[in-house]
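Single chain ahead, written as structure tokens, the form predicted on its own.
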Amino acid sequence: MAKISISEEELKERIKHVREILVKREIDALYLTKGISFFYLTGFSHIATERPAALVIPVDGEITFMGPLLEVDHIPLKTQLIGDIRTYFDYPGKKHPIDYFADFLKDMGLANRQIGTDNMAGAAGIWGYRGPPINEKLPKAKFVLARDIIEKMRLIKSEEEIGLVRESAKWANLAHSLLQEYTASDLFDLEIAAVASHEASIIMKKTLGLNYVPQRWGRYPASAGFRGQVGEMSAIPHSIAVQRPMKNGDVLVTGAGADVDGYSCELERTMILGKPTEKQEKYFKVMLQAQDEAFGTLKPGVKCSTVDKATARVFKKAGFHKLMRHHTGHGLGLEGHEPPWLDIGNDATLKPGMIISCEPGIYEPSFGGFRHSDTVLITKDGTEMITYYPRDLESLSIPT
């Protein structure tokens, strides 16, 4: 049976590790405001809004959720690891949430203790936090920035996490196969993407069964699309949308992924609608060479900057250095972009257990963009390619 969720045992190990770090740093509690961290430690996933929320992990005692009342019935359905739920009615309210949070922390015996946090304001929200910082409400407490605790833990993936990303790759592969199959002239990118993503998601849900629950709100469980990178707009790396339907001769840059307990791979391909021109073939070939160079460079102990420099050399040798618009890749896991960054300015070394995207690209305005992205696991001995969709031009050329 496919692995489709992080076990409670692993979540407990994560919490234990956090507490060990707190003890070592002489910190009495960790105060988190980022929802993805709530999920990472407890399995509780929610829709973040303007309403402030926080998760408090004390060295001893129950994990506490502080947040809006609308989550009070939700939490016990998702996790048993949050033992204390403290709420306010809504935001901004007659009494500001941060005043409630200060009262809660006093009641927990933390009013004059050392508290690590990922956000010195003590609250966050999609519109930005408005209100006094938490340290003003608890002047005897000492708040210290400790966002690196969760960040460092998430850098190295466990065997369970790696298994979820591998499972994601299976369904991303299906979604992309359907996307390519349904791609044709005179269709809009969004209608192709909607049909492919819907069909792949239904198959995914029926196959994985009742225990499969997507965690990424607002997206298909398995999805594939073009993000507006169609024809001349393929030269805009984050295009978002295109106004016209597809036509013969278009360069198409795709993207696919699948939500498996919040984790996803990244699979992107450059396709040609119709027979490729000589110029399209040339650009495609150079892009593929750059990605191959990156694959050959990736291994434990190598600096992230070294990988980025290797792809840049390929583009420079071909005369395409000025067509680069971004670095070679980034980390993957619970978020689409997370550390480490395969960037010329990042001299951090790659380590076993890191999962990254490898996606060097080139983009010529009014002509097209050329980028493949594959998900790669750094292993003890080298790398493992997690995504496996065909990369060659013949396989990615769509007859018209």
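Residue numbers here begin at 1 and follow the sequence given. Remember, predicted model here, so these are calculated numbers, not experimental data.
The form predicted in complex with a further copy of the same chain exists for this protein as well; it is not shown, and the discussion that follows is about that form.
A residue is said to contact a partner when one of its heavy atoms sits within 4.5 Å of a partner heavy atom; residue 136 fails this definition for a further copy of the same chain in the predicted complex, lying far away. Although the partner is absent here, residue 296 lies well away from a further copy of the same chain in the predicted complex, with no heavy atom inside 4.5 Å. Taking non-hydrogen atoms only, residue 351 never approaches a further copy of the same chain to within 4.5 angstroms in the predicted complex. Contact check for residue 112: no non-hydrogen atom falls within 4.5 Å of a further copy of the same chain in the predicted complex. This chain lacks the partner; the member of 303, 247, 198, 275 within 4.5 angstroms of a further copy of the same chain in the predicted complex by a non-hydrogen atom is 198. When you look in the predicted complex, the only residue of 140, 94, 316, 279 with a non-hydrogen atom within 4.5 Å of a further copy of the same chain is 94. In summary, the region of this chain contacting a further copy of the same chain in the predicted complex, judged by heavy atoms within 4.5 Å and restricted to 157-165, 250-258, 208-216, 280-288, corresponds to 208-216. If you take 263-301 and check each residue for a heavy atom within 4.5 Å of a further copy of the same chain in the predicted complex, you get nothing at all.
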